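Next comes just one chain, in structure tokens: the form predicted on its own.
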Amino acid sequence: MKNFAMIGVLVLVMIGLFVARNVLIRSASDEPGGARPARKRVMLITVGTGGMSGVYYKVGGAIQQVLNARKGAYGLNVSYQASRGSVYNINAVLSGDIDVGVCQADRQFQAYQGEGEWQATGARKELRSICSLYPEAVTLVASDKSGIRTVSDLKGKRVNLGAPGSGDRGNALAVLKALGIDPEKDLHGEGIKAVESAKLLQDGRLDAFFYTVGHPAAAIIEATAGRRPVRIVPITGVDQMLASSPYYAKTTIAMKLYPKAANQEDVPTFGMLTTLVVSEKASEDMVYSLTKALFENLDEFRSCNPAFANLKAENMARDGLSAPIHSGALRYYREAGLLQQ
């Protein structure tokens, strides 16, 4: 019996020593010189994008691809969701429904200044920028049969101006106003999502549609590749509007991107930059990690879509950001030498 008791004591002592040894090893490995680094806590974030066939949706997918492959390094796990676009995303980040939103630079400006859709609610001074991305062009697509060759030719036609609250609609209405066209009296306006317009144009239920988008865009490829000949129409004669709007700039749509369109010469229009926005309440560490991950892996991000091919870090940290830069993004930009202040 004494032998059994002694064996039991020895077993207990050995178990105790084994546990103590593992505790010491874990404690040591949590120190800077330890064998194993402490596990980084992963933060879940959601990015609001746009329609599933649009480039905004591709932005969300690219951010997810870049960050989720490096969860251990940056501590972020990204999901992204389709949405109604710029206005929705801005309001959603401010209400806390999403963490990061993709939006047009003009919508960012209007929200921060209390203009456009935010005229009634007032300036949203809690909006913050992270960075800008690729340029978007205000694009007018029309059936060749409709005879629409200029914006003025839209009079009397069935035209999709874009869904209510979308950047597409805001830009379309701005163009019509600049050219003295009344959308209520001078044409038959529709309020459909831009990504649904291609099929309606090919079916003959629309004569034209506006779409503010980075090129190439899947919906415009679809529109120009159908049985019904389709062209992209120049948007000109709006110089006064451009001069009074700091977020707009002239641009050109390269028609080599749409080889099946009825017209082949590059098309003049205007546009703005795509931007990423958050609320000022967003975690500084989260925004810092997101910005750092995006900029440190910019080559991979550029490869995710042709619209991203010409992104430059110094421009992304500066251009099109009419809301103040979030403190987390500022911290990274200063560390990387992209901003001096």
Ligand code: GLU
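One rule holds for the numbers: they count along the sequence shown, beginning at 1. Everything numeric here is computed off the predicted structure, so don't read it as measured data.
Absent from the display: the form predicted together with this ligand. The rest refers to it.
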This ligand in the predicted bound form: contacting segment from 182-190, 84-92, 123-131, 68-76, heavy atom within 4.5 Å: 84-92
Answer yes if any heavy atom of residue 48 is within 4.5 Å of a heavy atom of this ligand in the predicted bound form; otherwise answer no. no
Give a yes or no for residue 276: in the predicted bound form, does one of its heavy atoms lie within 4.5 Å of a heavy atom belonging to this ligand? no
Would residue 160 sit within 4.5 Å of this ligand in the predicted bound form, counting heavy atoms only? no
Is it the case that residue 167, even though its partner is missing from this view, gets within 4.5 Å of this ligand in the predicted bound form, heavy atoms only? yes
This ligand in the predicted bound form has a heavy atom of only one listed residue within 4.5 Å, and of 232, 201, 213, 172 that residue is 213
Taking only heavy atoms into account, state which residues of 90-128 are within 4.5 Å of this ligand in the predicted bound form, ordered by sequence. 104
